[in-house]
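As structure tokens, one chain now follows by itself in the form predicted on its own.
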Amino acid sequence: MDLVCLEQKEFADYIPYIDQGVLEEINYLAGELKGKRVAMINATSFGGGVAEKLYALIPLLKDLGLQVDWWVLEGSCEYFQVTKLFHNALQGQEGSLSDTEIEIYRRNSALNAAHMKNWDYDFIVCHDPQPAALIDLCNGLRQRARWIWRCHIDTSSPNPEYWDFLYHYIRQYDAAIFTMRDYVSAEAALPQLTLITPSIDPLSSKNRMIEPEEAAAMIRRFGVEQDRPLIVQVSRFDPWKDPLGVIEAYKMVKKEFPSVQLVLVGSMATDDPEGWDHLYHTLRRAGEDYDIKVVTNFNGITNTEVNAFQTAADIVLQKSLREGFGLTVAEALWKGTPVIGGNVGGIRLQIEDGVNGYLVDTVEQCADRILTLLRNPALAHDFADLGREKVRREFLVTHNVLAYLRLLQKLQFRPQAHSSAH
């Protein structure tokens, strides 16, 4: 396993965004947990929402007095192909779990567990399917630490074979964190079930406030013209994000707004080997329409450029077909950009349809809502104001800090659930 190096952050810088009651509770709980050792484990330090959440959360917990390390799993290409299958299956994709997949998953889990034999943590937090089996392979550490499994995926209708396999491990944890109650099977007997929505860092390079002129200058080098309507979707190239449906909606809009532009912004994550195939499918669908730009980290896209695109856009889309949460929705709302999202999963926590944005079920609905906002700038402005305030109240990293502190405080005084798992 590899240890991720993190920039320091000062919690005091975030106080202007926090209501007084929240601040008082954070300070109290941080005092109670001062010096506690926490390990966060996930599959990658780059690309995708999980890594981004950890870059924001961990430095603030450290500044509040906890000792937090972030570890990234090692694994073969075939291992990450298998865990991508797990990810898709937990979101409902059909298929059968093969003996070969089980062997690859368990073998790589054992290799990572070997790195943990000398660990001495009070809490271990495993994110998503990739590290879930570690609790079954770390007998000594299993007894000393409290273990938490954090699910970032929409598991409301999981493939039962894959879920049953993982549930053998998940039920051994002391706590399980999900984004929404709807994602938890009614049959699952999970200890200390906790609901925590993801969050964004308002001071990060992706979410700091930048002037419209600065944003326009940054995106101009990608061939985007400032004086024409701009639609943007920021996401992995993944069929669940429906980039092909986004292109179809854009084509419908273009019949009435010929000057409209579309930019699809994505990063190629190390734990998503299928991403390249889906990128190529997207490029083929875009064809020779020069008003469609498809850009990635390999074109020089960093968090700063993502910020610029979300700031400069007239409309941001997140037309997901399944979505655990969709951080890009909160990011765009925070920047005062109206958002149209798929009527699924955690997007529904962020957008109240017709109040601070739109929820859509079809390509046709998406195109219609884009046209409505392009024709009604005053409505888009109202959505923007309400969306930003909702993010401040519910989806900034300070609220995630409070939720984790509450859970750790509860667990340090509870008997371990996995002591009688077998």
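For every residue, the number given is its place in the sequence shown, counted from 1. Note that this is a predicted model, so its numbers are computed, not measured.
The following text describes the form predicted in complex with uridine-5'-diphosphate, which does not appear among the structures shown.
The stretch in contact with uridine-5'-diphosphate in the model of the complex, judged by heavy atoms within 4.5 Å, is 318 to 326, chosen from 67 to 75, 221 to 229, 255 to 263, 318 to 326. Between uridine-5'-diphosphate and the residues R348, R236, K293, R171, the one pair within 4.5 Å by heavy atoms in the model of the complex involves R236. A single residue from the set T282, S204, N159, S267 has any heavy atom within 4.5 angstroms of uridine-5'-diphosphate in the model of the complex; that residue is S267. Proximity of V306 to uridine-5'-diphosphate in the model of the complex falls within the 4.5 Å heavy atom cutoff. In the model of the complex, G49 approaches uridine-5'-diphosphate with a heavy atom inside 4.5 Å.
Taking the partner from elsewhere, D154 is found to have every heavy atom lying beyond 4.5 Å of uridine-5'-diphosphate in the model of the complex. K241 belongs to the set of residues with a heavy atom inside 4.5 Å of uridine-5'-diphosphate in the model of the complex.
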